[in-house]
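One chain comes next, on its own, written as C-alpha cells: the form predicted alone.
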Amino acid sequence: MKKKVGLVGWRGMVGSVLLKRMIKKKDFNKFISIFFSTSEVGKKNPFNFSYSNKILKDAYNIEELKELDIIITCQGSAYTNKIYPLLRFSGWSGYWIDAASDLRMKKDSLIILDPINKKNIINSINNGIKTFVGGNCTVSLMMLALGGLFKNNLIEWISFSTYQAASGGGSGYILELLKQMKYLNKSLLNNLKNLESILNVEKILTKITKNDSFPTNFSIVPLIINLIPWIDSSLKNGQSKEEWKMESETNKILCRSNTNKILIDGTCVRVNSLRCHSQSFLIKLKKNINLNEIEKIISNHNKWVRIIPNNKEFSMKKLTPLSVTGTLNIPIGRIRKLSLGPKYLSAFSIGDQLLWGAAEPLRRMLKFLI
C-alpha cells in the first residue's frame, strides 16, 4: 500500500529545487502525493502526477494533515513552530521531514545527511524517531567535503571562513541583489561622462550605494560591491548563530558528546554571488599524514566530492560558485600543509546550498521512509 506524503512549501527556492530533483528521479511514482498550500487553498494543483490530489489542500488544516504518513516541509520556521506542536499534540505519529532549523537540536529529532550518518538514520527509524531535519547548509557542505577526515577520526579542530551566496538568505535576498545591480547600472549609464578613470568609477559607485534610496530592505547594507561579515542572529559569546551551528550541528550528526566533540569555529560572511556557498578551512589533524594519503581519504569517502589540484588554473576554473551551481558536486581544493606545522592543513570547498545544502538530504530521507 502506497504511503500518503504531504508536501508543504514547494513553491519557494528550496521547495522548487526539491520538486525538480524528485521529478527527475521519478520519486512521485512511489507514493501518493498530497500538495498543500498556505496561500492558494482550493486552486488547481499544477502537477499532474498519477497519485496526487487535483486541488491544493489547506496546510493549516490539522485534521487533513493527520491523515498523512509523512509530511515534508520547506515552508520555513514560522510554519513549523505553529503546526508541528499542534500536530504532535493531536496524536499524529507520522514522519516529519523539515528544511527549517528549529527542530534540529531537539532530543527527539535527527539531523539528516545520509552520506555521513546513514547508519544512524536507519537505527533512528528502527528506534521510533519520527522527526528528521535537514542540517545547516554550510554544515552539510563542509561534512561532505571533509567526510573522509571525519570518518577516520583525523580532525582535532577546524577554523573556518565561509563565503555564503545571497540565495542563502532567501529569494528576497537575491531579488534585492538584482535590484542593486540594476540601480548601479542605471546610475552608471547616467554618469558616463564622469567615467574617465577607475577612481571616478569607484567614487560614483560608492556614493550611489550610500544613498538612502538604495535598495537594502533585506540586506540592511548593500551587498553589491560589498560583503556582510555577519549571518543570522547574535549570541552572547560574540558568535553569530550561523557560526554556532557549525560546531553544534556537526557534533550532533557525528553523535559526539560534549566530552569528545570536535572544536569548530570561525566567521560566516555573506558575499554577492547568487548561488553556492564557499568555505575556507584551517584544520589541525590528530597526526601527520602526507598530502597524497589525505586526498585519497577525502576522495574515497563519497561519490560527489572532487579533488581539485592545487594550482592556479584548476582552482580558477573548477573551484568557483559558477562551476558548481546546479550540480551535486562538492569540489575541494587548495589542499596543502601550512607553515604552522605538519599537522596543519588548508583546504577550500564549494557546494550548491540549494541542493546538498538543503533539498537533497530531504529527498533522500523520504526515500528511506518510502
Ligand code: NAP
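Quantities reported herein were computed from a predicted structural model and do not represent experimental measurements. Numbers for residues come from their place in the sequence shown, where the first is 1.
This protein has a second form, the form predicted in complex with the ligand, left out of what is shown; the following refers to that one.
**Q** Can all three of L7, I71 and L369 be found with a heavy atom no more than 4.5 Å from the ligand in the predicted bound form?
**A** None of them does, since no heavy atom lies within 4.5 Å of the partner.
**Q** Quick one: is R21 in contact with the ligand in the predicted bound form, heavy atoms, 4.5 Å cut-off?
**A** No - in the predicted bound form, heavy atoms of R21 and the ligand never come within 4.5 Å of each other.
**Q** Does S349 reach the ligand in the predicted bound form if we count a contact as any heavy atom within 4.5 Å?
**A** Because no heavy atom of S349 falls inside 4.5 Å of the ligand in the predicted bound form, the answer is no.
**Q** So in the predicted bound form, is the ligand close enough to G170 to count as touching (4.5 Å, heavy atoms)?
**A** Taking the distances in the predicted bound form, the answer for G170 is yes, it comes within 4.5 Å of the ligand.
**Q** Is there a non-hydrogen atom of A100 within 4.5 angstroms of a non-hydrogen atom of the ligand in the predicted bound form?
**A** Yes, contact at 4.5 Å.
**Q** Using a 4.5 Å heavy atom cut-off, which residue among S248, S77, N200, S299 comes into contact with the ligand in the predicted bound form?
**A** Among S248, S77, N200, S299, a heavy atom within 4.5 Å of the ligand in the predicted bound form occurs only for S77.
**Q** Could you work out which of S39, N311, S339, S50 is the residue within 4.5 angstroms of the ligand in the predicted bound form, going by heavy atoms?
**A** The residue in contact is S39.
**Q** Only one of 161 to 169, 177 to 185, 252 to 260, 203 to 211 gets a heavy atom within 4.5 Å of the ligand in the predicted bound form; which is it?
**A** It is 161 to 169 that comes within 4.5 Å of the partner.
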